[in-house]
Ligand SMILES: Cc1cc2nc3c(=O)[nH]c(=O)nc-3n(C[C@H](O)[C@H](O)[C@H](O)COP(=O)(O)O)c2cc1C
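Taking the form predicted alone, here's one chain by itself in structure tokens.
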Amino acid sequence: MRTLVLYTSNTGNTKRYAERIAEGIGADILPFNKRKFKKMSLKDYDTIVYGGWLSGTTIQGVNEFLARWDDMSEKNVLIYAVGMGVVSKESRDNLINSNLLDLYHLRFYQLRGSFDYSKLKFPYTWMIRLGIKGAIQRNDPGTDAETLGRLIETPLEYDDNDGVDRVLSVLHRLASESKE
């Protein structure tokens, strides 16, 4: 079984997971580029994995990826999304609904990412600072400048080993089934 792992990453979390998945299954790996993907031949691949980072509830690049669904509908397709939200059935269902993934026959996984403000680019830095300022002005419970300042100054490192292992387990099972 030949597998392709595609990813789009904003701060490196999704890329790190893509590299681990590709290494764990012996897959080809490429950063997702919508122009190149439109022209890319997928016929040599049995399985395609797409990883995208979350902005709110939107999986970045997933619409461009799924635009080629007709070329992938007979293949094993897995999508994983990486964000800071807590992984739960409710948040997973929300991501499926928000990205219309229930319209496709694919497997979906939600992985937890890290947060490092120093890796963000504009406009994300601006939106976070604006959100912090608004929370302080509203005097939201549990919100104070010191706590929020630490969020900006101190990266929050998280590694979702269990999530990556679940994806790899499914990929290994699919590989063994294709040999039978």
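Quick note: we count residues from 1 along the sequence shown, nothing fancier. For clarity, every value in this text was computed on a predicted model and none was experimentally measured.
Below, we turn to the form predicted in complex with this ligand, even though it does not appear here.
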| property | result |
| --- | --- |
| 4.5 angstroms heavy atom contact with this ligand in the predicted complex for F37 | no |
| 4.5 angstroms heavy atom contact with this ligand in the predicted complex for T154 | no |
| This ligand contact at F65 in the predicted complex, heavy atom, 4.5 Å | no |
| 4.5 Å heavy atom contact, W69 and this ligand in the predicted complex | no |
| Interface residues of 35-51 toward this ligand, as seen in the predicted complex [heavy atoms, 4.5 Å] | none |
